[in-house]
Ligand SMILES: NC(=O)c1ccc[n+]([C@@H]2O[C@H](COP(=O)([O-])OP(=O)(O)OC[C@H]3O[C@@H](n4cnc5c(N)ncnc54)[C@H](OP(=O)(O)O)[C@@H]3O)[C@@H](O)[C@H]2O)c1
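Single chain ahead, written as structure tokens, the form predicted alone.
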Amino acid sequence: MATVRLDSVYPVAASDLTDDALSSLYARADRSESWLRVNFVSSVDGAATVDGVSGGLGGDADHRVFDLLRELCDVVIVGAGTVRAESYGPMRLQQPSADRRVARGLPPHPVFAIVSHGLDLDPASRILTDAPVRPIIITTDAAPRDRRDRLAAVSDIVIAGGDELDPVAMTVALAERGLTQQHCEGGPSLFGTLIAAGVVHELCLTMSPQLVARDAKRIAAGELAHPSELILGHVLVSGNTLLLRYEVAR
């Protein structure tokens, strides 16, 4: 386990870690192997949201790592409910981030993959029409065919499962498209499904120095047959915020 101080955040020049140094802590040398990383922020008492969204929990350090993790992946996976709740826009990175991706031999932007069972998505939404890379919508064979046909005009439809999402089929289908470095940003129901299916390799968790209480959601929802053990990879410290990286024990 490595403990690294990160007391200054981008773009402060005196930062303890440059973007390259910080990225090296998360980058994977072998990109040929399929790898699913999940990223969340949580309060100390386990809340994943404040007033229904995660924005009230993240600070500058969390936002910096959030952006860098997008730089390193091939595809960003998000549940449709989270896309709506968090007001996602097109998956378009800022130019410095796009430039760093190109320097690593990657396309300027990752692919945006939205997981939706009911396909209650607007084909005219900017998320789809203004995307720099044709998005992917992951759904099941039970999804309404008429909605599937309409969305197919502005996105690639991936069927992963019959009545319910099959996370193994999803990760395999993405890897077959060359999208091996898979990065999921939630929400809790999707994360719980992925954990239960045993497809999660890594969790990056920002521990926000707040106590929220109320009835806020946790980062994962659903039923597990048994807890998943985690192995601590590193701890970054920024003021009172902890940025933790865990690998799932196999």
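As the structure is a prediction and not an experimental result, all values here were calculated from the model. Start at 1 and count along the sequence shown; that's the residue number.
The protein also exists as the form predicted together with this ligand; that form is not presented, and the subsequent description refers to it.
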The single option of Val44, Val53, Ala197, Ala27 touching this ligand in the predicted complex, heavy atom within 4.5 Å: Val53
message: Just to confirm, with a 4.5 Å cut-off on non-hydrogen atoms, which of Ser116, Ser97, Thr180, Ser125 contacts this ligand in the predicted complex?
response: Ser116
task: Consider Leu203 of the chain shown here, and say whether it contacts this ligand in the predicted complex, taking contact as heavy atoms within 4.5 Å.
output: no
message: At 4.5 Å between heavy atoms, is Ala173 in contact with this ligand in the predicted complex?
response: no
- request: Mark Gln210 yes when one of its heavy atoms lies within 4.5 Å of a heavy atom of this ligand in the predicted complex, and no otherwise.
  value: no
message: Taking any heavy atom pair closer than or equal to 4.5 Å as contact, tell me whether Ser34 reaches this ligand in the predicted complex.
response: no
message: To test your reading of this chain, name the stretch in 102-110, 67-75, 84-92, 125-133 whose heavy atoms come within 4.5 Å of this ligand in the predicted complex.
response: 84-92
Residues of 150-173 having any heavy atom within 4.5 Å of this ligand in the predicted complex, listed in sequence order: Leu165
